[in-house]
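As structure tokens, one chain now follows by itself in the form predicted alone.
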């Protein structure tokens, strides 16, 4: 990707990410009663001054539901990314730097979790326990720990024999400082950025997919981009407004987070060099 094209992609995807974050933070502060929003006299209206993105089959404003739908994945996505990134970084650092039974125990745990199929296991857990988006996000975060820990372990193993790391050891730097600051923060930060944005995008995908299916995700009348898209099954294509905007929002948001995370990590790698 050329320099100018990369800058456009970086700032374009960054703008979308910033918009989603802003909406995700502001949306919980805005009161919304899904039951009170029903108005069958206004159903299936096209975009206009009163309803910027039209209305759905129950006369509810699509723009408002699109905004409130971010609550279904925003904080859960951040939670999953935080769990996977922090735990994966710590366990990967231990697996790459420790020796003996400690390393064996950590590697064995990571291999065990890594054998679990993510989506199937999430559905299985939701079947056994009371399904909620918080549960989905927590399970997804745990299931991504091995993939992050693996890339961090390889990074730690590669850097462990570098002269400057050996010099830190010779000068009496603590293992904790070497791992957390000199390796994870200064050298492995781009890897963690990429992985965190990927986990966030995955949670968005899983939440919308399960909400679309209607069994384990967010249930009507609570808005979710997934159950908004599901309305197309009931409408039979009679109107595009209730589902086309959330469908586009899902695709654009996932693509923007993945692109921005990758480009931000690339810039960070160049800065480290």
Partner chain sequence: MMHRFIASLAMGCLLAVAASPASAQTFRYPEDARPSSLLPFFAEDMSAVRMVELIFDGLVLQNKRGDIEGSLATSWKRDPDNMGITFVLREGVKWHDGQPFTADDVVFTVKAAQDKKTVFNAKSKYRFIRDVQASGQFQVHFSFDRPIAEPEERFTFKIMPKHAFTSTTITRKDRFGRKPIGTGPYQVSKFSLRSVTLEVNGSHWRQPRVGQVLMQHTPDKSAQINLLQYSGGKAGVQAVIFVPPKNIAIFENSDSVVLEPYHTVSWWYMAYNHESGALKDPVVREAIALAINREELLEAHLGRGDILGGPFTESSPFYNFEVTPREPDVERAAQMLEDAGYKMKGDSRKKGRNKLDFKFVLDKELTSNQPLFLGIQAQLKKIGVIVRPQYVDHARYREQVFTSKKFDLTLNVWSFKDVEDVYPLFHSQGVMNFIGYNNAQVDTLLDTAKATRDYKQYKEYMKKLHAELNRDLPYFFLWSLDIYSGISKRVRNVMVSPYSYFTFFPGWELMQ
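Numbering follows the first chain given and starts at 1. If you're wondering where the values come from, they're calculated on a predicted model, not measured in any experiment.
Here the subject shifts to the form predicted together with its partner chain, a form of this protein not shown in this document.
Q: Can you work out whether residue 68 and its partner chain are in contact in the predicted bound form, taking contact to mean some heavy atom pair no more than 4.5 Å apart?
A: The answer is no: residue 68 has no heavy atom within 4.5 Å of its partner chain.
Q: So, in the predicted bound form, is residue 232 in contact with its partner chain at a 4.5 angstroms heavy atom limit?
A: Yes - in the predicted bound form, heavy atoms of residue 232 and its partner chain come within 4.5 Å of each other.
Q: Given that its partner chain is not shown alongside this chain, does residue 51 nevertheless sit within 4.5 Å of it in the predicted bound form, heavy atom to heavy atom?
A: No, residue 51 sits far enough from its partner chain in the predicted bound form that none of its heavy atoms falls within 4.5 Å.
Q: Classify residue 129 as contacting or not contacting its partner chain in the predicted bound form by the rule of any non-hydrogen atom within 4.5 angstroms, answering yes or no.
A: Although its partner chain is absent here, residue 129 would touch it in the predicted bound form, with heavy atoms inside 4.5 Å.
Q: Enumerate the residues of 31-52 that have a non-hydrogen atom within 4.5 Å of its partner chain in the predicted bound form, in sequence order, or give none.
A: Residues within 4.5 Å: 33, 35, 36, 38, 40, 43.
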